[in-house]
Every structure is written in structure tokens, then in C-alpha cells.
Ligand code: TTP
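Given next, in C-alpha cells, is a single chain: the form predicted on its own.
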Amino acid sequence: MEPTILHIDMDAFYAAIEQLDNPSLKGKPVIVGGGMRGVVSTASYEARAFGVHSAMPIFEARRLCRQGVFLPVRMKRYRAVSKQIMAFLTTVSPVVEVLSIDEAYLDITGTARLLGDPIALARKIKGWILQETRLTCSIGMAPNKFLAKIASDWKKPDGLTIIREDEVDGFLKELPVAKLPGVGKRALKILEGLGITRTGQLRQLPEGTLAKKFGKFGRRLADLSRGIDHSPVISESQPKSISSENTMDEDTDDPGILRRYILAQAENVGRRLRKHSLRGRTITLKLKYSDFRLITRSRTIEVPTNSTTVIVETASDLLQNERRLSKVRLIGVGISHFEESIRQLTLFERSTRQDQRQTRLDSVIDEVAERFGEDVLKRGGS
């Protein structure tokens, strides 16, 4: 049975939603990002024509595209649309791996009898998304995840690219090596030094040479050059960490301002933990300084938590203990090393009245945020 994997990728998702909600933005270069000091989250295809792309600093995007329409991120709106799309995809296949807010893999291997021809199914998915959300997506269909993801990017926007098993060699022969996952600037420079610019050329190199140049990744490159990828589509995979971060409009070393960011981020992280019934043991503070030096400081606590108060106190303590030699550009809070939140207290562990009050407070704030929005109710000190 020939494996059939779909990669669904929404086209310029955030910018497309902004153009949908405000028809006057149609045809204009729309750039969605985080303030003057942030980075581009998504650029419309009109903005991309000026060289603007995701992760580019906002100031650089403004320089390249002076006529651009710059908008703040409206994550709540984007998540609502994403939830609608992902819910539909789970009705198509029981094996759906959500990669991010705007892309997912579907494994439809062996579903032809039940769901019909795979190509017709891909067109049906595109049609439903367009009809229900008025947004377009691009779909790649291939024998494995690696090829499906490359295929989805092949004819954007609103594309459908199919790579059949007997077409893999021909497709890869002329594929630029820069398109291979994991090939960044450094790897590309090494490959170009070897005279390798196309994947077909890469296939001719001995695996030993690649292993010598790239270590373990060299063996992965050898597999990719032959279209080999055994990665399964994994549905409902549990996150390894949950985090929230902000790039500030102005660099600062004011402890009060930094702590207010920590409080807001811990609220976001705690709410997501409780929503997924998770507790974490390792709390991490992330700082990027004005000279772009990036540091992380972590502390592992004895009892796993999803309490916003515990996250705030731990992250604030990490901040206080950090000797800051320059102003802070970015700050973030995260938590990892999860376990499910339903657990039994040990013989020596007691739930104090303070713990119970904090749990009730978290529940109330979560409920208010869910019903009326995250900005309606805030804890003291924010």
C-alpha cells in the first residue's frame, strides 16, 4: 500500500485574516508583527514582493516596504479560525498532526475506499476551507512528511502539488539543496564548497563524506537526497514545553516593568497548563539583551505546578538573581517537564488553605478570560 501524506499549509495566514476582516486591505502589502521592536509574524504576498518575510525585524520591513500596512498580532482571532480548520481536518482522517496554528499533516494511507481518490480528497479539503473560512491553503501530497511539506510550498498560494512514489527521484534531482529541512546558511555554505547546489548532486556523495562533514545530520541528508523519511504522522502529541515572550518597544532595565511582563506571561503560561491539565517542574526565564546576547535561567521545583503564582514567584526570583549588565530587549517565561495535573498527595504533602485559594483564584480568572477576553480581569501588580 503506497503511503499517502498530506501537508496542509494556510497561505499567509495572519495577513489573509486581516485582509478578510478588512476588505479595504485587499491587494495591499499587509505586514503583521509585534510593535516597533518586534519581528514580522506574517507578510501578505503583496508585501513579500518587496522582500518582506517572516521573522524579519519590523524596522527592516518598514525600510523595504514603506507603503506597507503594519498591524498588531490578533492571536485570539487567528486561533479561533485555526481551531475551526483543525477540527474539520480531524473529520477527514483520525491521524492528524498539528504542527502550528496554520499547518498540519494528515496520513490518509489506505483510506481510498472510505474517503475516495486522494487527489479528489485534497481538492475537497481546499474547497471546504475556502467555503467555510474564505481563506486559501496550499496542499502537498507525497509518500512521506518531508516531501509533502516541500510540495505544499511548491505552488503557493492556493496550490496543490502531488509527488507520486515513481516521481520522487525526478522531483529531487533538480531540487535546490537549500529546500531540504535542516539545511541552513552554514550547511549550505559547506555544500556549495563541495560543488553541491542540487539534491541530485548530493545523492552522488558517499554517505561517509556527509557524515564526516555534518556528523549525524550527514546521514539524515543522505536519506533526504533519496527521498527517504520514516517520520510517522503523530496525532495529539503532548507539548514538551509551554512559553510566552515579548520583545519590548524600548530596551529597559527597570525591574518593575520586567516583573509586569513576567506576571502577564506567567498568566498566559499557567492558563494554557490548566487548559491541558498539565503541571510542570522546570520554570525558565529567557532574556535577550540590547546587544542581542541571549540567556536562559531555569529552576526545577520539587512539586509540579500549574499555579500562576508559583510561576511568577520563581521567574521573578530568577530575574532578581540575574546580574544584568545591559538593558533587556526581550523577556520570556516558560515551563517544561510535564505530568498530568490529576495526582494524589503523598503522605507528607498537604494542600494548604493558601494553595486552595490560589487554585480557586486561577479557576476564576481562567473562566473570566475564556468568556470575556484575557484583558478584562488582571491580578494585582500587573
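Throughout, we count residues from 1 along the sequence that is shown. Because the structure is a prediction, the values reported are computed rather than measured.
What comes next is about the form predicted together with the named molecule, which is not displayed.
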The named molecule contact at I101 in the predicted bound form, heavy atom, 4.5 Å: yes
Residue contact check: R48 to the named molecule in the predicted bound form, 4.5 Å heavy atom: yes
Exercise: S41 in contact with the named molecule in the predicted bound form, heavy atom 4.5 Å: yes
4.5 Å heavy atom contact, D9 to the named molecule in the predicted bound form: yes
Contact segment among 310-318, 327-335, 54-62, 23-31, judged by heavy atoms lying within 4.5 Å of the named molecule in the predicted bound form: 54-62
In the predicted bound form, the residue from K288, R271, K156, R198 that sits within 4.5 Å of the named molecule by heavy atoms: K156
